[in-house]
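The chain below stands alone and is given in structure tokens; this is the form predicted alone.
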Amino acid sequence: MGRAKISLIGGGQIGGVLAQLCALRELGDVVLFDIVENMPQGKMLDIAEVARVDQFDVDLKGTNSYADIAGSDIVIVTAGLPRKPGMSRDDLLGVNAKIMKQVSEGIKEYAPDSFVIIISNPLDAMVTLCQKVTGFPPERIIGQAGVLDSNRFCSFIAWELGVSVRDVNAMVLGGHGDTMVPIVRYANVNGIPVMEQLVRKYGEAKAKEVMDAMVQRTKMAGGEVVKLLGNGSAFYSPASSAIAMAEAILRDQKRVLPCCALLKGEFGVDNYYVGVPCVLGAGGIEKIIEFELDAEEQAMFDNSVAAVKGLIDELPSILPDMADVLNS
């Protein structure tokens, strides 16, 4: 059986880290595409030249031609402008929608049987657009957001409690933006509720204050990195998060990961891409795991979905030639 083929669309910071992680984990042969001449070729040559040191045997190729993604098992899309300080993810909609349309057309033509993982922002709108352009089954078009947001939430909890992040479980649902919904009620350390630990440490009032601060930091975590970097946005963490999703599909791991998936009535949402817990395996999104939200969680989730709908509603005016498809 031959190696899997992974194509990365966008040779920027995230694309370079994705390529390196694919090689280090030997997930398959890797193609890095970018429109900038010679840049993806240079990055892939750089990574390929340490194969002896890092002990990997995969083929690495940089390209400026979509034709080279032919036969891909998985395509990971990072193409688009990154955020700058003061920008929200939503501010990128106009520019990145046009880029995503071109990328999706390339994927449809050259990699029609691939699974597609989208990282580009604003995430929920870009995943929706990619699915509309390609016409691929929804289980094969997936957005990376919840894995990253949830791991940020887990990190903040681990730092606060002084425990290994490996033992923290927490989940963030909803749109990948300022309205995302960290689910406090189920956050735990090896099954022990985080809020119970915080109450023991601080007392009830202070515990709520500390958790509220972690929730807010989770929602604004991407912006915090953007502000510190000054020029560009997070790249290590989104790349690792997408690789976890790709590995779950390629190795049929049946991982339960929060992903941006098309809902068909789950959580009270119909026909919108939103972050929810999914089983990822050889079939892509094999199952959406639904669970009961309490009244407060449902209200926050509905608010997040409304924000996603607002972005989707803007797409026809940005891409008027696609209005009929987008409204279908």
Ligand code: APR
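In this text, residue numbers run from 1 along the sequence as written. Just so we're clear, the structure is a prediction, and the values are computed from it rather than from any experiment.
The following text describes the form predicted together with the ligand, which does not appear among the structures shown.
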**Report entry** Contact segment among 158-166, 251-259, 197-205, 75-83, judged by heavy atoms lying within 4.5 Å of the ligand in the predicted complex
**Finding:** 75-83
Query raised in the report: Using heavy atoms and a 4.5 Å limit, would one call I14 a contact residue for the ligand in the predicted complex?
Result: yes
Query - Non-hydrogen atom contact F56 with the ligand in the predicted complex at 4.5 angstroms - result: no
Query raised in the report: Taking 4.5 angstroms as the cut-off for heavy atoms, does S240 touch the ligand in the predicted complex?
Result: no
Requested in this report: Answer yes if any heavy atom of L92 is within 4.5 Å of a heavy atom of the ligand in the predicted complex; otherwise answer no.
Outcome: yes
Query raised in the report: Does each of S65, Y110 and Q131 have at least one heavy atom within 4.5 Å of the ligand in the predicted complex?
Result: no
Query raised in the report: What is the one choice in A244, I99, V215, A221 with a heavy atom within 4.5 Å of the ligand in the predicted complex?
Result: I99
**Report entry** Contacting member of V36, A70, A299, A282, with respect to the ligand in the predicted complex [4.5 Å, heavy atom]
**Finding:** V36
